Each structure stands twice: as C-alpha cells, then as structure tokens.
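So this first bit is one chain, no partners, the form predicted on its own, shown in structure tokens.
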C-alpha cells in the first residue's frame, strides 16, 4: 500500500513538473516573438532603393555643347548634336563600375527635352541628332534594361524656355510630360527634381525674371499622384522627399549622425537654410525619408573638356563612397557624357579604378561564419542569437529583450587577424534604433577602443587604424528601443 501511494505521489510530482515546464516554454515562446516595429519603417520601395547603394546620374543636354551649367532657355536645338552617342557604352561602364541604376536629366532648367515630346518643339526632334528622329531617353532606357540597370528620370520643374512658366498652364504642361515619360519608357525606379525654381529666363521671348512660391505652385501631391498611377513602385526624390531627401550638400557627405526618419510637413523642395537638418535627419521624425548623397565626378555637372584633368581619382571616389554609402545613404554620382555622346575615357578609367579599389578593400569578410557571443539576446532564443550577425543572411538578426536598449556583440577569431574596416547594419525593416555605438579590439588580452559612431541605419562603415585582433567587440551604447543588428562585417 505504501509503495502504491508513493508511486501515485511520484506521478503527481512529475505532472506538476511537466505543467511548469509547459508554462515556462509557453512564456519563452511569447518572449521570443520578434520586436514590434519602431515606426516609421521603410516601404518595400524604400528597401529596394536602399539595396541599390550606388546609382549613376547623367547630365546631358545643350549645355554640353554651349559650355554652360545652366542654360538660359534660348539655346537653339540645332546645337545638340552628339554624333557618336552610345548609350550601351554608358550602361556597360556603369554596370562595371558597380552602379545599380541610372537617372537621366530628361529636361534640365533650360527646358530642352531629350525625347520628342508632343507638347513642345524645344526638343531633340528639332536637332541634328539622328536627323531629327532621335530619342535619347529611349536609347538610355533600353540600354539600361539590356545591362540589367534600373532607369530613373530627372525632369526639372523650372523651365526657362516655356512661355507659360509661372502660370497654371505650365503645370498642365509639366504633368503631361511626366505622363509621357512614365507611360512610354518602361519601369522608372526614381523621379528626381531639385530646388532650383524660378528666376531669370528666356520664357518664350519675354526675357524676364519670374518668381514662384515653391510650396504651392506645383501642387506636388496631385503631381505625384499622377506619376504614381503610372509608376506605382517609383521613389520620389526632392530636397525634402516625400520618399527620399537630399543630404544637404553636393559633395555626397552624409551626416555622421544620419537618421532615415524625417518630418516633411514644414519644409519643401527649394526652401533654404535647412541643409544641416537634411544632413542629420530627425531622430523622432514621423516618416521614413532617407538621405541620398549626390555629387559629380567632375567639378561641373555637365561635360567640359577643360575639366578632363580634374576628374576625381579612384582614391577620391573611394572617400566619397565611405562618406555616403558608409554613413547609411545611397550614393548618386554624376558622370556626364562628352560632346560625342560617350563617357569620356578619363571618367571611365576613374570609375573602373574606383570599383577595383572597393572590390579589393571589401573582398573577404573576416567575420563571415565566425563564432560570436553577446551580453544577452532576446529570450535566449536562437532566433536572435549573436551568431546571426556573422551568417551572411540579411534577414536574420541579433536583438535583446524589449527592456534592454544597450548591449555588446563579440566576434571571435581563432588567431589574430588584421582589421581595417568595421561594417555594422541594422535590421531597418523594424525601424532605425541605434543612437550610439563603439568598437573595441582585443589585442594581447587587452581591449583597445578603435572606433565609435552615432547612428547606423542601413549600413555604417568605420575605417580604423589597422589592428591585429583576436576579438572585435561592438558595443551599443544607446538605442531608442531594443537594438537590432542584422550583420557585422570585418575587412
């Protein structure tokens, strides 16, 4: 009888233990849910744009032949005559240089159109190019697709040629041309326009100065709705968005602190005095409006033969890369064709040398597949373990419990390795969170500070003095919510 009672009691104890195990597992399962998104977050359009990292800008119009940077609008279309235009050469060079997309100045401020628009005679249709039957936009769009590059458009809102500029009639004209470009030239990944609006011009012969209120004149919400109806996946760039913003300078220097979040309700394209705000972004911004960093490979935006000796060197372009892509922005590098219609050999050699330099410096990720440890990780679940940052999978990540907004991750080497670059990436699909971080290297049993930064975002590259380390530790010092790191790469 005593034996039977003992057996029953033992089963009860096992049952209670099993119940506690079940409850504990359920609790762990609840805690192992992914972090809630920290709004705002990027759209799929944004994510595709972030992933491109480097795009080419192409300034090409009558200015190429007149030597001007801004045409007045009274230039004759007969001046536009690129006798050897080769869009496939452009696309081939851009692809080999690592670009993923191309944005073409379909119409600059002078109003000359690189396609035969049915709404104006101020276009290639009145030029000697292809005996008046040419279409530069068509040739470039088709060449991009053949090369596997995305195609984008720049259509200047300001038009120094059009007689109706400054009146409602011009807005109809501008929208009609956007419809032409968006309906007839295949997928368009980005629409680009800047803050140059209003001033002196030809204006159909009036030769006067016209001022407009950039906040209301173009009625951008209606214009962008028209474009989005034809190109639903397009990303809009202007000084302040709404999708992508300017980085605040034309040297492609993104902010050391660079939030992808921003407020677009109080500023508009063309408003001055906001460069610092555009450069840094807004930590508590209500919309996802990442910075695009733009500059030219030459001093000017259009080709000028006298600048052939002033093309940025591969080393200078590499610094541009570190200051733009390396600070969480996408780089838009202008490469203007020469008067023959080809990318100059000076520019070609600089671009290819730049790409070789990037490939050399970032050839082998020393962290890939290496063991990692962390101060803690979410619910002690393998879903969020530190090894996720070295697995080469951008969709896996390390993160902490919701209440933990600091932490550290160590990458462990079997033997000391020389490290020159530290690359940190946040899992921005759940929002940008990190406010500050530091990097330390373990050398001869001692931790040595080697780098520090504020924001991370899509990608942050720290260039450090070469160190031979057996461990690298990334410390998250402060974050808006539990930090989420998708990848740490070491080169």
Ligand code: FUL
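All values reported here derive from a predicted model rather than from experimental measurement. Residue numbers count along the first chain shown, from 1.
Beyond the structure shown, there is the form predicted in complex with the ligand, which is absent from this document and is the topic of what follows.
Colleague: Against the ligand in the predicted bound form, would residue 352 count as a contact residue? Criterion: heavy atoms within 4.5 Å.
Modeller: Looking in the predicted bound form, residue contacts with the ligand do not include residue 352, since no heavy atom lies within 4.5 Å.
Colleague: Is residue 304 one of the residues lying within 4.5 Å of the ligand in the predicted bound form, judged by heavy atom distances?
Modeller: Output for residue 304 is no: heavy atoms all beyond 4.5 Å of the ligand.
Colleague: Using 4.5 Å between non-hydrogen atoms, is residue 250 touching the ligand in the predicted bound form?
Modeller: Yes, contact at 4.5 Å.
Colleague: Residue-level question: is residue 196 within 4.5 Å of the ligand in the predicted bound form, judged on heavy atoms?
Modeller: Yes.
Colleague: Only one of 154, 189, 220, 203 has a non-hydrogen atom within 4.5 angstroms of the ligand in the predicted bound form; which is it?
Modeller: Looking at 154, 189, 220, 203 one by one, just 154 meets the 4.5 Å heavy-atom criterion.
Colleague: Looking at 312, 109, 378, 100, which has any heavy atom no more than 4.5 Å from the ligand in the predicted bound form?
Modeller: Spelling it out, the residue with a heavy atom inside the cut-off is 109.
Colleague: Partner absent here, but in the predicted bound form, which of 462-470, 431-439, 38-46, 51-59 has residues with a heavy atom within 4.5 Å of the ligand?
Modeller: Going by heavy atoms within 4.5 Å, the stretch is 51-59.
Colleague: At 4.5 Å, heavy atom to heavy atom, what parts of 275-298 sit next to the ligand in the predicted bound form? List them in sequence order, or say none.
Modeller: The stretch touches the partner through 294 alone.
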